[in-house]
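What follows is a single chain, given as structure tokens, in the form predicted on its own.
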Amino acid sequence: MTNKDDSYKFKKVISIGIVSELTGLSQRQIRYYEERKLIFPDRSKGIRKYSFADVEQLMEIADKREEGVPTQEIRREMTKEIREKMLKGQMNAHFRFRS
């Protein structure tokens, strides 16, 4: 669950041009990371929209790529992190409702 104070981070309102400026990545690089299933923008009328959380994710991806980490390995790490968060959330919910 997101904290109300940081909910803005997850609103998909930023265009690819602005994301490019914020991250220093080219629009082509951003689209490539989308093709590799590392980032998931919303689309409205064919226009990609990103969140601040997406921008942070792209910056982390770019750092890992500079270190030589292949995109497949980055995706594997991201999938593992998501599973761990889901499991932790499920366990917290289970024990919260048992009390």
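Start at 1 and count along the sequence shown; that's the residue number. Computed from a predicted structure; not experimentally measured.
If you look for the form predicted together with the DNA, you will not find it shown, but the lines that follow are about it.
- Contact between Gly17 and the DNA in the predicted complex is found at the 4.5 Å heavy atom cutoff.
- In the predicted complex, none of the heavy atoms of Lys37 sits within 4.5 Å of a heavy atom of the DNA.
- Looking at Lys64, you'd find every heavy atom of it more than 4.5 angstroms from the DNA in the predicted complex.
- By the criterion of a heavy atom within 4.5 Å, Tyr32 is counted among the residues contacting the DNA in the predicted complex.
- Each of Ser26, Arg43 and Arg48 places at least one heavy atom within 4.5 Å of the DNA in the predicted complex.
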